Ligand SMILES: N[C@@H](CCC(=O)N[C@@H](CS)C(=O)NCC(=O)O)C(=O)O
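Below you'll find only one chain, the form predicted on its own, shown as structure tokens.
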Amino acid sequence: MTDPIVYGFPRSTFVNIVRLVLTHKNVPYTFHDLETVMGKPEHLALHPFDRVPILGHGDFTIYETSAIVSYIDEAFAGPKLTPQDVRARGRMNQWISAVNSYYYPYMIYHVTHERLVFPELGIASDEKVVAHAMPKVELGLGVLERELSHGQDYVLGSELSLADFFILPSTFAFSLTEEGGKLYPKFPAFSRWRERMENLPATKKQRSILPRREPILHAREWANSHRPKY
């Protein structure tokens, strides 16, 4: 069967989750950049809800990041990232859901968009959005800090799981903001986890092939469709 194809745009947090998992499992893949067709028929034919990533594998196409990485972990050889133990698997899925519901929205939609994405397009930051998000971000980091303060290397213990790769891209993007730079040193166990994750061969390899950071042109629409109102 042919190598899988990842559809998305390079700076997408969730696209990078998929690419990290594929890289960690040493699965060759092709990246198809949708930046110029986001929201257009070519994109919507792959993802009717106007999001990324999408994975194509032969005649099989699947969207939604948690579904994609579960498929990758089962369909391809390489180190398994899903625990066999039912309780550990439940905890992993709890963390994935938490990223989707709490970490990503506040770290990325609320802060990173306002501090990085919109200013790169000449759109002023909305300070109310940032101010609303910061207590939520600090709460989330506190939860991670408690989880990682028991001496383990990864969120589930001694072994990497899909949960770690879900958390990493949001926390990386947030680290590029002034708020992230000030907040992270308050959470030493989390900071050690980040350093460990950033130094994984898969992370280094994936980062090395990314293009230079450019403005996300289709994000102009996010100021209307994605921006919270406070």
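These figures come from a predicted structure and were not determined experimentally. Residue numbers run from 1 along the displayed sequence.
One more form of this protein should be noted, the form predicted in complex with the named molecule, which is absent from this view; the next part is about it.
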| item | value |
| --- | --- |
| Val52, Tyr104 and His226 each touching the named molecule in the predicted bound form (heavy atom, 4.5 Å) | yes |
| The named molecule contact in the predicted bound form: Ser12, any heavy atom under 4.5 Å | yes |
| Distance check, Glu64 to the named molecule in the predicted bound form, heavy atom within 4.5 Å | yes |
| Interface membership of Met38, the named molecule in the predicted bound form, 4.5 Å heavy atom rule | yes |
| Distance check, Arg207 to the named molecule in the predicted bound form, heavy atom within 4.5 Å | no |
| Location of the named molecule contact in the predicted bound form, chosen stretch of 43-51, 25-33, 183-191, 197-205 [non-hydrogen atom, 4.5 Å] | 43-51 |
| Any residue of 208-230 that, in the predicted bound form, places a heavy atom within 4.5 Å of the named molecule | His218, Trp222, His226 |
